[in-house]
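Below, in structure tokens: the form predicted alone, a single chain.
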Amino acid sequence: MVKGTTSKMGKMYLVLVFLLLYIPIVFLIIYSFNQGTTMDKFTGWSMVHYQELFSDKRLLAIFLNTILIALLSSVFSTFVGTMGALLVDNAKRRRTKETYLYLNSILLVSPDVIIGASFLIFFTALGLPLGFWSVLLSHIAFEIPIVVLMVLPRLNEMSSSMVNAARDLGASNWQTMSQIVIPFIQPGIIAGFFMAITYSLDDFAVTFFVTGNGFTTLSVEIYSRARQGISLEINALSGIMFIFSLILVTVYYFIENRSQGKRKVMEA
């Protein structure tokens, strides 16, 4: 009886949490179709704000900049983060491994404001103009620790006997890496890639410090426009970004299911 009650309360709690998370998003998207210009009252259905959005060349350019930064930074950070995870996993001494993990965690636990200010000082000292490259390098830097943490658990799950057996059979280091290690940790790499994209699209504080020369991203632009007054054009853009996020999650879901299917076939 107690178990059933606990299970029912758990389900109710989950429903409540999801409602609290999704109701504001649904509310925002619904008002993106409002005929009026404010969220005070819904006056009727209209696509006028989407038409305004697609005619706003500046906002569309910023949207493309944001997607480009997210994709490029995710690709580079996934590669570097995977190599970093392999380095940490191959550390001979436990103390060395713990030191690597500690250094990797600094960017994760440090406040975004501190990280953004640090990058600003660093780029200024190097004489690097603030703009596309400063934003890209900053995003790569704070995404790398995320990828490392996504890949490391898969490396810890991999039995050393698989690698030793491949080497005993005459496989080279490259063959072992490309045919044994990488396929095994592929789910972690994919998860790290998608997490990196999410963090890049979501970032505001770090980007706010390192953007300049007319280059900006959606988070910074929306903040700037919100200070001048909320426009339902932003609602329309948020709705499109939400759909884009759903597509990313769906793609990741199918890739993960396919990877699990392959692993089950290999284990069978």
Partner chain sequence: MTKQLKALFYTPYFVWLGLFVIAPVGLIVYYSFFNINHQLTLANYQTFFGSGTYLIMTANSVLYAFLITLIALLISYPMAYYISKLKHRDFWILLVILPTWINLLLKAYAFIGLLSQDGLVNKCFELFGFGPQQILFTNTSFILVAAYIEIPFMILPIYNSLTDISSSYIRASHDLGATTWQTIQKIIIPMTLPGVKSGVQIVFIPSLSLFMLSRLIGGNKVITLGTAVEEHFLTTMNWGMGSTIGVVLIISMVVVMALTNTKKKRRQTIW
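Positions refer to the first chain, counted from 1. Since the model is a prediction, treat every value here as computed from it, not as a measurement.
Missing here is the form predicted together with its partner chain; even so, the following discussion is about that form.
Chemist: With the partner left out here, check for me: in the predicted bound form, does some heavy atom of Ile189 sit within 4.5 Å of its partner chain?
Modeler: Contact check for Ile189: no, nothing within 4.5 Å of its partner chain in the predicted bound form.
Chemist: Hey, in the predicted bound form, does Met162 get a heavy atom within 4.5 angstroms of its partner chain?
Modeler: Looking in the predicted bound form, residue contacts with its partner chain do not include Met162, since no heavy atom lies within 4.5 Å.
Chemist: Can Ser238 be called a contact residue for its partner chain in the predicted bound form at 4.5 Å between heavy atoms?
Modeler: Looking in the predicted bound form, residue contacts with its partner chain include Ser238, since a heavy atom lies within 4.5 Å.
Chemist: With a cut-off of 4.5 Å between heavy atoms, is Val181 one of the residues that contacts its partner chain in the predicted bound form?
Modeler: It does not: once its partner chain is placed as it appears in the predicted bound form, Val181 has no heavy atom within 4.5 Å of it.
Chemist: Going by heavy atom distances of 4.5 angstroms or less, which of Leu87, Ala166, Leu155, Val75 would be at the interface with its partner chain in the predicted bound form?
Modeler: Looking at Leu87, Ala166, Leu155, Val75 one by one, just Leu87 meets the 4.5 Å heavy-atom criterion.
Chemist: Would you kindly say which of Leu28, Leu68, Leu60, Val48 lies with a heavy atom within 4.5 Å of its partner chain in the predicted bound form?
Modeler: Spelling it out, the residue with a heavy atom inside the cut-off is Leu28.
Chemist: Taking heavy atoms and a 4.5 Å limit, what residues of 127-147 are near its partner chain in the predicted bound form?
Modeler: Heavy-atom contacts to its partner chain in the predicted bound form: Leu137, Ala141, Ile144, Pro145.
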